[in-house]
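Take a look at this single chain, the form predicted on its own, given in structure tokens.
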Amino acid sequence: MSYLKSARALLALFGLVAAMAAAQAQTAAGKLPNVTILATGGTIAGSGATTTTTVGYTAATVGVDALIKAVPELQKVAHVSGEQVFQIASENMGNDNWLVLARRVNALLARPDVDGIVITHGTDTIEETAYFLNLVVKSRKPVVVVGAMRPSTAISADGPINLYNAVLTAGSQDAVGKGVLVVMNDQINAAREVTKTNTTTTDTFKSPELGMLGYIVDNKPHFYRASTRKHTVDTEFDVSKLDTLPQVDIAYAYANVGPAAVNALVAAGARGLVHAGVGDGSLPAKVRPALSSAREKGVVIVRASRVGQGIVARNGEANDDQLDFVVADTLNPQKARILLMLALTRTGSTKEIQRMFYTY
């Protein structure tokens, strides 16, 4: 009789443990993060003529609902919703698109029922959009920008796993306060530091100088470092009331370069100009007078480098104090352009703008 009682007690205990486990599973499921996917087009939403078409495909043909439906595993890691903000190839991404996107991101992140944002994007300008958002998003909640190097119709398309990893990261508490991130190829990179390094391969996005922030392994983001430059809630930039951004252009240096590009950009109305110089941002003799003249007309000049890595030293290859120029620090030309645009919405002082380049 005592044996039967013990057996029944043991069965009851097993039943209680099972019930508790089921309750915990339900509770965990109820605590899945709420992640909104904002789709803008790009290769991740592209399609090709055949399953082996990985170049010459058409970008931005698949809508956000289809992207989400193609990765049912998303529902296991987050409560996912989607919005189609744009449907464009990222080479067509412009200032107006950025303003619309930034305002929508900020509006969503201000809601208590949104824990993170994923933005699907073409890879050609993904680093620029990410850095722009890094400077204007006003929340510590995760914002992850993701793309793909192969269209959705290709064999071994990288879009689905990239999207899954992006949602994992956007819903993770470990990503809070890390700034805007780019997640692709199982790697996490900071918006300020990442760049596209190869025209076609899936491992194209890297932070070659300072390194990635971490990896996605076993359904979890693993962070090993964080960017030290100020971002998101700690910046002084506010796009909520901006209808346009000032015109800032890039002039590229090369052997035997002349002043034609600089003069044309100034004549076209540039308020700021990034000079992508050779080496440490050197100024070719034929171009220096044109840049100096542009500065005298009120155009803010930023000396950057086409090299893509390293610090452009102030008063190194040019007397920046005398010329009243700004140096880009470690920002590549395309990101220097973004910071200069936003800086010009705040001030025309080159001293203040130089401070911003050393801050962000």
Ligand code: DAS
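Throughout, we count residues from 1 along the sequence that is shown. Keep in mind it's a predicted model, so treat the numbers as computed, not measured.
Not on display, but discussed next: the form predicted in complex with ligand DAS.
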*Contact residue in the model of the complex, chosen from D124, D280, D186, E236 - any heavy atom within 4.5 Å of ligand DAS*: D124
*Answer option from K138, K230, K196, R271, heavy atom within 4.5 Å of ligand DAS in the model of the complex*: K196
_Stretch in contact, per heavy atom within 4.5 angstroms of ligand DAS in the model of the complex, of 272-280, 172-180, 88-96, 68-76_ = 88-96
*If you check in the model of the complex, do T36, V80 and Y164 all have a non-hydrogen atom within 4.5 Å of ligand DAS?*
no
_With a cut-off of 4.5 Å between heavy atoms, is L265 one of the residues that contacts ligand DAS in the model of the complex?_
no
_in the model of the complex, is there a heavy atom of ligand DAS that lies within 4.5 Å of any heavy atom of A318, even though the partner is absent here?_
no
*Do L213 and ligand DAS share at least one heavy atom pair within 4.5 Å in the model of the complex?*
no
*Partner proximity in the model of the complex: A148 to ligand DAS, non-hydrogen atom cutoff 4.5 Å*: yes
*For the heavy atom contacts within 4.5 Å of ligand DAS in the model of the complex, list the residues of 31-46 involved, in sequence order.*
G42, T43
